[in-house]
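Single chain ahead, written as structure tokens, the form predicted alone.
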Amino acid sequence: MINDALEAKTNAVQRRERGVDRILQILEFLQRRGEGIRIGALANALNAPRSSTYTLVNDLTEAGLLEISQEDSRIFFGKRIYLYGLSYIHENSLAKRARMEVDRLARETGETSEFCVLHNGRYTLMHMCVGNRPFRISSAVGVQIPLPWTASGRLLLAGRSRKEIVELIPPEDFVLPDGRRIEINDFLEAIEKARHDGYCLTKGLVDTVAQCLAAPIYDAVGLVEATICLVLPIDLSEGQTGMLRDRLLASSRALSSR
């Protein structure tokens, strides 16, 4: 009987763990998708049983983590998720300071400024403030972009081995939006150059009229935990780009722990 009880307890724990994993899959999928989806389509996308997906969605909706549109029955993040996010922004020291620095940088330079981290193997935009140029280049907060497409990606991977990088980045992420492919050796060289230089500048990777200038934010042991970036027109002079680089590096030093 003791063995039966232990087995039953183990099975219950495993079921709970699987349930938590499925909940995280749902939340991660909605975050990546960036818009609502019907429950049936969600189950198909996750290759999950419809019955258990309906049950989890209903539980998450009752908890306020998800909401269901009355117009078209699509599910999306609920108010409680928004409040959790606000708590993170207010309580996390780096996130709080980075938001203020990004806003100040955009105000002082007139250029679009961003704060980015590595999440789920992709560049993730945590905060952004647009510049005052008539022609503005910007992305939505929360967007996740393949690391090889970005200047920040080259800094966020600094110090990792070739094996780690290959395992982290799927092959399709090396293909740019226009069909060009970034070769792994070229990418590794760019990572090493960014690590050596202490900043990274990329031109025309995602948008032919834009360049991205990124600087690392170091943690207490000297590892890159985030980046601060400027999204610039590609036709800036070297002198202008150099002045902006120096201003950006001052921001990265102010935010770094080391």
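Everything numeric in this text was worked out from a predicted model, so none of it was measured. Numbers for residues come from their place in the sequence shown, where the first is 1.
Just so it is clear, the following notes concern the form predicted in complex with a further copy of the same chain, a form of the same protein that is not shown.
Proximity of Asn185, Gly198 and Pro233 to a further copy of the same chain in the predicted complex is absent: no residue of the three has a non-hydrogen atom within 4.5 angstroms.
The stretch in contact with a further copy of the same chain in the predicted complex, judged by heavy atoms within 4.5 Å, is 73 to 81, chosen from 73 to 81, 164 to 172, 147 to 155, 101 to 109. Using a 4.5 angstroms limit between non-hydrogen atoms, Pro177 is distant from a further copy of the same chain in the predicted complex. Put simply, Arg160 is far from a further copy of the same chain in the predicted complex: not one heavy atom of it is within 4.5 Å. Interface membership of Ala43, defined by any non-hydrogen atom within 4.5 Å of a further copy of the same chain in the predicted complex, is ruled out.
Looking at Gly19, you'd find a heavy atom of it within 4.5 angstroms of a further copy of the same chain in the predicted complex. For the stretch 32 to 63, the set of residues having any non-hydrogen atom within 4.5 angstroms of a further copy of the same chain in the predicted complex comprises Gly34, Glu35, Leu56, Asp59, Leu60, Ala63, in sequence order.
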